[in-house]
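This document opens with one chain alone, in structure tokens, the form predicted on its own.
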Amino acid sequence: MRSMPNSQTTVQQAKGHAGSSTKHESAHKHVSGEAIYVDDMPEPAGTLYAYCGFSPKARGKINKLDLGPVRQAEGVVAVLTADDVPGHLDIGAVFPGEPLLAQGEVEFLGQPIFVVAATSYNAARRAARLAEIKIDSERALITVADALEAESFVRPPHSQQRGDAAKAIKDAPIVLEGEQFIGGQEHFYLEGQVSLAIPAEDRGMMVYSSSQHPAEVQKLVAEVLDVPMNLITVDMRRMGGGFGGKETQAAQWACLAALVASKTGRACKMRLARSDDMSSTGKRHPFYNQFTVGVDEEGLIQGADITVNGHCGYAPDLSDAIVDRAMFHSDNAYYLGNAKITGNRCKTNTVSNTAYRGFGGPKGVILAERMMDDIARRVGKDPLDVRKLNLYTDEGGRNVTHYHQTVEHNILEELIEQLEESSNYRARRAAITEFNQHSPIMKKGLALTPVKFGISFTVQHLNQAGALIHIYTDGSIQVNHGGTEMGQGLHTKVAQIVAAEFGVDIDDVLVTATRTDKVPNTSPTAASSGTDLNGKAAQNAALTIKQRLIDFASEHFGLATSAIKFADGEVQLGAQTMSFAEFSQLAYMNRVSLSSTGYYKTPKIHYDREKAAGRPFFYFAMGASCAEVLVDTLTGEYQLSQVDILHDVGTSLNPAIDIGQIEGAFAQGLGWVTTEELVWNNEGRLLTNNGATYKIPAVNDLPEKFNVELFERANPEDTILNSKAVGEPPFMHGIAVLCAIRDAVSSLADYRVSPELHSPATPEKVLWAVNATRAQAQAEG
């Protein structure tokens, strides 16, 4: 068997090669409005428009469902219920429990009960409101506290443990306890949930869906329609944002559109209005976390007992893995000593919560940072010094996590020290302390927090990807892979990788829409793994073709393989050169296959859930952020003054895109910990269901000084061109802002009190924390 050429040594630089700051492949189309999304696509003649009738109650039995007025409404062509589903009704992504349409009972306010198809979008929406729905209401569980009291769970609890946590805590000189409420988060993608289903021959269906997981949409549509998967094709060119909200929850709307199309024989589009999208689709899980931690007099952790309680909603969705990841990341960057982590998956009568950037990781990381702040206040030290004291280190065996994975290639200490110096942390800390001593109303806060984030799907079989590459006789290259483009630049990076392998300009490489009939059985684009998996698969496909071309050239021209090079759009053949286009034509004329699939699966990973031990992550991405805030203690309002971020991306495939991802992730993390508040009333109705009541960060919420640098050092693991994932890890940098706000409030008690401040830290909550901290300081003298 011939060995593949070594891409690290043979790749030559060309226009848009991997490693350069090449613009996003659709940037000009995004700006000009030319980018085509599902709702922009030309519709076939006779297309119907579908909309749902939603449950007006959070829990109960359906007593009456009168759809007569809906059927008689103007423009209505069909009205379908659960009884009209020919195949599977349950579309649960991993575990059962999520009916396509409610049947007999409802489990959250906003749950779809029926679907109406009409000749216009507005007609369908108007008709859906005409149904008479009566429900015998039952007590609804709305909060985590409700679920814990009722012992209501979507999946059984799970624990991870190293050593004897209870004994270590008991023997520790100092024991701290705390609890933390962590709010959820709406995805607020610019493009809402939308699907277009077009009937095909032999009961087939063409589905255009704004989905991060086309293969799952294909599978569920096939099961709902009771047809083989090979009759269903799903096409996804681009999304206007996903952030995890379209990993599983795009499937329901695609299935409903396909159901209508199958029943009527006409194309059908389904698009949710923003308020219904927010009410009827899942969000980031709210969490209620508790901890008991034992430390020595210096603040070094001896043992920790942590419980994370995820607010899962009415059905499992991905909650089992999400709570697992919160457990995995409850240490963040710190060695917890003897530790026990328990995770509960709480069932409530709210929409089923789902994946969101970082999955469950942020809910663990934020708890670890809360503990560091509390320890620092107790022992009277700078929080950064306590953080550095507790970092994972190779010395003394302090490099093994509570799930028994060794933290290899640890750059945390070096990275933090570099940011500490570049952000001028120590001088600013001294200046802020002095400022606070002389400023009775306005208080400044400063925090420098790290992040260590594991990269890989924690469900092992998802860590695989495929790709398909064609070279045409004019030298142009077409690439298809299993990842989806949602604005993060995945297609750009894959095109750069392929262009570099063949030594051609990126303009000669086209990455086409993700399609289930080109690359089958794909994993979702999630877990920060899009480039890691699909980039490697595309590279492997390119290397297969490249080796064929090298073998052909060697035989055809009588050359040693070492004399054949691909660079600058040309092929060097010993002393002569030929354009890549001419060489492609020559290879075709000599019957060399110019098409190949590529496949990749992540090595080394494993996790035994029964033993709660293994290596669930291929590697860790790391980073640190330093945030400074100014808090008005009379109103609770605050301003973010400066942010400095140093983030580890390995060898960057595209520095411009990576920096953009870091900036965007930080902004989204900032919203999560400060402004984005989800509110349900006691009946289970989401009150913050539009842009007027739900506040995402705006430009004026970002700091005036915003410095982002890449900590560029090649990933020691064999990732694509030794890069590291960048999608999710920077999200956790927003936590530094919450810690900085707590730092400012703590100054009211001369940094002796660690304020009770839960997230999101809205001005109201900050004001409550200010008042409580002042009261505690006065009580303690």
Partner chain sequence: MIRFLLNDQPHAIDNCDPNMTVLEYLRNELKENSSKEGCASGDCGACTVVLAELVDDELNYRTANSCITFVGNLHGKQLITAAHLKEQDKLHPVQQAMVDKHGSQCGFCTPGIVMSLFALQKRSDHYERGETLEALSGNLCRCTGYRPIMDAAVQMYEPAEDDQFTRNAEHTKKSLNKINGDADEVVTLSNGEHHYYAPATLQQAVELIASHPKARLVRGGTDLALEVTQHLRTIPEMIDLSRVKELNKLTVTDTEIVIGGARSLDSSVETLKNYYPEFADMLARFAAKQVRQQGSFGGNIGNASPIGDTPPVLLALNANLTLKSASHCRDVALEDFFTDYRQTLLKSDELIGDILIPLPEENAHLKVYKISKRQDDDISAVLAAFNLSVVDGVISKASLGFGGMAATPKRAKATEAALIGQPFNQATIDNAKQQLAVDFQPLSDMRASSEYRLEVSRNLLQKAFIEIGLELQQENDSPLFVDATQTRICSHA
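Residue numbers count along the first chain shown, from 1. Model, not experiment: these values are computed from the prediction.
What follows is about the form predicted in complex with its partner chain, which we do not show.
Check: Does its partner chain come within 4.5 Å of any heavy atom of Ser195 in the predicted complex?
Finding: Result no; Ser195 lies far from its partner chain in the predicted complex.
Check: Leu702: heavy atom within 4.5 Å of its partner chain in the predicted complex?
Finding: Heavy-atom contact with its partner chain at 4.5 Å: present for Leu702.
Next item on the list: Consider Ser32 of the chain shown here, and say whether it contacts its partner chain in the predicted complex, taking contact as heavy atoms within 4.5 Å.
Entry: It does: once its partner chain is placed as it appears in the predicted complex, Ser32 has a heavy atom within 4.5 Å of it.
Notebook entry, point to check: Do Thr522 and its partner chain come within 4.5 Å of each other in the predicted complex, heavy atoms counted?
Noted result: Output for Thr522 is no: heavy atoms all beyond 4.5 Å of its partner chain.
Notebook entry, point to check: Since the chain is shown here on its own, which stretch among 38-46, 749-757, 60-68, 710-718 would lie within 4.5 Å of its partner chain in the predicted complex, judged by heavy atoms?
Noted result: In short, 38-46.
Item checked: Option touching its partner chain, based on a heavy atom within 4.5 Å in the predicted complex, out of Gln639, Ser159, Gln478, Ser579 -> The residue in contact is Gln639.
Margin query: Looking at Ala431, Ala200, Val679, Val400 here, can you tell me which has any non-hydrogen atom within 4.5 angstroms of its partner chain in the predicted complex?
Written below: The residue from Ala431, Ala200, Val679, Val400 that makes the contact is Val679.
Next item on the list: May I ask whether Pro697, Glu764 and Trp768 each come within 4.5 Å of its partner chain in the predicted complex, counting any non-hydrogen atom?
Entry: The answer is yes: all three residues contact the partner (heavy atom, 4.5 Å cut-off).
Check: Taking its partner chain in the predicted complex, which residues of 664-688 have any heavy atom within 4.5 Å of it?
Finding: Residues within 4.5 Å: Gly664, Ala667, Gln668, Thr675, Glu676, Glu677, Val679, Leu687, Thr688.
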